[in-house]
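One chain follows as structure tokens, the form predicted on its own.
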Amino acid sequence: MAQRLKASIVGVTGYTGLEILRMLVAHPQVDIAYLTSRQNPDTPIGELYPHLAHLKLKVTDTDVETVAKKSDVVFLALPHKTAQDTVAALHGKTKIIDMSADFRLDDVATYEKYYATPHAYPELLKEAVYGAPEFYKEKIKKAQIVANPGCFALLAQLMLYPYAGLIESVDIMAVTGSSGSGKSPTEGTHHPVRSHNMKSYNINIHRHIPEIIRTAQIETKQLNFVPTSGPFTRGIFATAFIRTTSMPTKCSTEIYKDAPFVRICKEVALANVVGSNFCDIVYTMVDENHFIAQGVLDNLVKGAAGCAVQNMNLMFGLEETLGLSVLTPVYP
């Protein structure tokens, strides 16, 4: 059996950090080294989150250099912009899986356009590997820094990839649950408002667009993207109307034959994936140049923490599905 990994989570108290912790404590090859938070130092995790009272783990404000020395891998569950300095401080000292958007794009100008802030470490953008296992598995295996995809972005990319290079235009509407807005409620994201409402936002300017168009091999003008807040907590349900220049030469089942968490289905439903690392997709042919794709995933699992653990497995030569295949969907 391979040596057990020591993993740490920097920024553990947000939804993504907590979901990574849920994945790691169930992983047969992982021990927790550090759980850190500047807001809640020296606090048992069970005092902050009673559902974790059975875990004898403490949240600290340990400096990242100390964390790096005792960790084989560090997961960064920090906000965009904040993660830049931490990645730079950890670089070369341990392996890093960054959940923010700070290292997803390899073009500084595009990053600064969509995130409205300068990038302090453009030299590290070339070293980071985009953490979509279905497309970059071999690169992830060799990576020191993995930039986990955005949840909207990963679902859209998985849906469009069979048509990459053939797309004339595509219209996507994607409905996401309230957990995608993070732990801190705002006027527009607080669940009491969302629970009986639907509202679109950031139409055609959403920050995940550069990730989507890169994999789909299209330009921004070829995509209409309508992100929408849905009246549920977890998951994303997306529909894409795709116009192509020609028929794809490979079917989706063949394309994803080595993707253990992508399931090509006859129909999709959020209830079939929530709590799991699966992404379910259905393709409908309208005619030889028109297709409809629908896809679902859990934004906190396959769209975030589960994908990150999948990347960790690849980085350390473990079975890609280890610790994840046991996470069957929560149904009903």
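Counting begins at 1, following the sequence as shown. On a predicted model such as this, the values are computed, not experimentally measured, just so you know.
Just so it is clear, the following notes concern the form predicted together with another copy of the chain, a form of the same protein that is not shown.
Taken together, the three residues 80, 124 and 144 all stay farther than 4.5 Å from another copy of the chain in the predicted complex, as judged by their closest heavy atom. For the residues 249, 195, 245, 117, the 4.5 Å heavy atom test against another copy of the chain in the predicted complex is passed only by 195. Of the residues given (167, 213, 175, 87), 175 alone sits with a heavy atom within 4.5 Å of another copy of the chain in the predicted complex. Note that among 225 to 233, 134 to 142, 67 to 75, 95 to 103, the stretch whose heavy atoms approach another copy of the chain to within 4.5 Å in the predicted complex is 225 to 233. Contact annotation: residue 157 falls outside 4.5 Å of another copy of the chain in the predicted complex, judged by heavy atom distances. Under a 4.5 angstroms non-hydrogen atom cutoff, another copy of the chain in the predicted complex has residue 267 among its neighbouring residues.
Among residues of the shown chain, residue 199 is one whose heavy atoms approach another copy of the chain to within 4.5 Å in the predicted complex. In the predicted complex, another copy of the chain lies farther than 4.5 Å from every heavy atom of residue 32. Contact annotation for 315 to 332: residues with any non-hydrogen atom within 4.5 angstroms of another copy of the chain in the predicted complex are 325, 326, 328, 329, 330, 331, 332, listed in sequence order.
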